[in-house]
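Given next, in structure tokens, is a single chain: the form predicted alone.
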């Protein structure tokens, strides 16, 4: 029988919080996995992040769509038994605590693999499960700092800067999704379960597309460094101003020939300072100034972009978030997803970028309230009586709250 969704029948127990782990499990839920999210009695801390309406976090909603939420005090043996019973027939466990936390609560890989040898367990952390830094707490920006990412951003003679968005967390969640799918593929082909160690710092370090090999291949003569609004080695490649808008222009190879002709600077094509990519990089100030002078002569960013894009010279306006959301291409691709939340009503969030021709639609989903599915899962999945569930509530092992 052909499944109705990509991951129909796949069961995930999600102990993750904040962004990285929840982004991974949200992607699994969007494509059909049953995700049971285990939160502490106080809830995933991301429930405290803005914006709020009647105590409900829009940030929480975005990163936890399609999950069945339970609220348990996993320091308690009764809650650990509930988790073990759920994991017994689960396919995947995802967690992003600091290394050692799951072990303290009898939920580490060595314990869980004895309960379910076919289990795929994915641990996401800032510094991985071993190594000198592994015991340190860490967030996205801490991992960026240790990965040499932040040092690459900003003007060369000023403090480094950071982009105010958690691309390390989102990237780690996406890498975790890929690792889980790979491990499930291995298992479905006859392999066993396994533990996946996803390290945010390591993932971000892999983003150095040229810096690491360049430093090594040069014998240390070249040290990658931040270069502000223009690329350190290539030109033209960077941010230019036209009128009241900033544009990004990138013209390499044959695109440079087209740009020089478009600017009326055919003389630069025979000038040895600009004869190839290496020469233009070495003389980038002159190249960039020529581009800026041409843009100044145009003055109108829309006109300049039309000229550049008509010549198929890679270029773009530097758009704000609202401008991206309203852009015709964004709308044509349905990059903005509207979810219907019981508190927020219609709420816009980014759509998953994964698109499958066999499953083009994403099901209608929202995020659960704190502990919303406690009773359903305990009674229908695990067979607990109403009296058992009431006792767990009275003893403070479980709770629920409409946030």
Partner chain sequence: MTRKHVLDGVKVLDFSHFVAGPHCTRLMAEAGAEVIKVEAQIGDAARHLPVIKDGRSGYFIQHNRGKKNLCLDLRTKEGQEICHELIKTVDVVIENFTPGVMKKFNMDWEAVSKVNPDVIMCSISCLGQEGPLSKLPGFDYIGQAYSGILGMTGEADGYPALSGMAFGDISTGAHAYGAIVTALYHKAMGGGGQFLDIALLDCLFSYHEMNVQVYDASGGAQVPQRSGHQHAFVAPLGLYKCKEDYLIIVAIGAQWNNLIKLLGKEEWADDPRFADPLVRNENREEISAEIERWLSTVDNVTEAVRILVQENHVPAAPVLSVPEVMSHPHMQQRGIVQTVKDPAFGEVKIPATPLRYSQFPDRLELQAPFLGEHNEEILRDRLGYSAEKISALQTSGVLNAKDI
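Positions refer to the first chain, counted from 1. In this text, all values refer to a predicted model and were calculated from it rather than measured experimentally.
The same protein also has a form predicted together with its partner chain, omitted here; what follows describes it.
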item	value
Residues 114, 381 and 401 all lining its partner chain in the predicted bound form, heavy atom within 4.5 Å	no
Contacting member of 322, 264, 299, 77, with respect to its partner chain in the predicted bound form [4.5 Å, heavy atom]	322
In the predicted bound form, segment of 48-56, 369-377, 35-43, 64-72 with a heavy atom within 4.5 Å of its partner chain	48-56
4.5 angstroms heavy atom contact with its partner chain in the predicted bound form for residue 283	no
Residue 347 within 4.5 Å of its partner chain in the predicted bound form, heavy atoms	yes
Close approach of residue 354 to its partner chain in the predicted bound form, 4.5 Å, heavy atom	yes
Residue contact check: residue 175 to its partner chain in the predicted bound form, 4.5 Å heavy atom	yes
Sequence-ordered residues of 327-342 touching its partner chain in the predicted bound form, heavy atom within 4.5 Å	327, 328, 329, 332, 333, 335, 336
